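Next up: just one chain, as structure tokens, the form predicted on its own.
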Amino acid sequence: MSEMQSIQWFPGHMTKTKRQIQASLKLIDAVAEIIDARIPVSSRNPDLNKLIQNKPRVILLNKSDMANQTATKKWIEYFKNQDITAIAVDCKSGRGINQFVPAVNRVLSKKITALKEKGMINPTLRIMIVGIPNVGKSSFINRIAKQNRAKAEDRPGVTRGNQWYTIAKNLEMLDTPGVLWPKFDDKTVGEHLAFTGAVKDRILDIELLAVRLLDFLKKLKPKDFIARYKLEESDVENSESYDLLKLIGKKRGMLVSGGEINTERAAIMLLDEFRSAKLGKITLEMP
């Protein structure tokens, strides 16, 4: 699938971002990483572990209202087994956001205790927020900061030009200077980012993308998907994915002159309805 393999971000941007993140590390106590709960592998940058070294971390599984809840619980458990605190949130509706500050306090409890023993009561803690494009970083910042923006240049020891937000008493957040880019070493990563709309459709073959999404849906067999397009279980089990796309187009009356099915229209609709969770709460990657 050469279209997917041609998706590539600019390495120059990534190098600059890495440098900025490394420069900011000395200013912060912990890192908050936002990922997409539907694709927890593809929506992360694998270089982040090396970049942030041993800083404590909180992972936010965003868009969890669109993901399969059982799968999200498994992911939270998976991260817990790696000594990483993960919480399920939905930055659009604000669901789960109230867990963030308590999670940060838990993750930094040893540091808080150590500072108190040195006589620092209520020390200010600083956390850096990271994430790949279109994963919901700005929605999260808008929600949690409630536009309470702290001026960077008023603070001693704080790099000019970085955006700081006060998000709770004694807790400040640094928006990452620059963004991390996903890595497309594996074409599945590119596909998953495209399914969820993280990569612009115009650089892809939309019908090919819809057919690949149907490959996944056929394995998962979500009830809402079958009901929505009035399909039979046997249609899903026995049809090739392109034929299934034609069947969906036919059932939705997407015909052109001569009774041909407009598969492009069907593909656009399928992807739109997947992205708005009308086909059910679906997670494409499991731990």
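Residue numbers here begin at 1 and follow the sequence given. Predicted model only: the values in this text are computed from it and were never measured.
The same protein also exists as the form predicted together with ligand G4P; that form is not shown, yet it is the one meant from here on.
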### Query
Can you say which of 204 to 212, 180 to 188, 70 to 78, 91 to 99 gets within 4.5 Å of ligand G4P in the predicted complex, counting heavy atoms only?
91 to 99
#### Entry: in the predicted complex, the residue from Asn170, Ser138, Gln163, Asn105 that sits within 4.5 Å of ligand G4P by heavy atoms
Ser138
### Query
With ligand G4P left out of view, which of Met254, Met66, Ile59, Leu244 would have a heavy atom within 4.5 Å of it in the predicted complex?
Met66
### Task
Indicate whether ligand G4P has at least one heavy atom within 4.5 Å of a heavy atom of Asn134 in the predicted complex.
yes
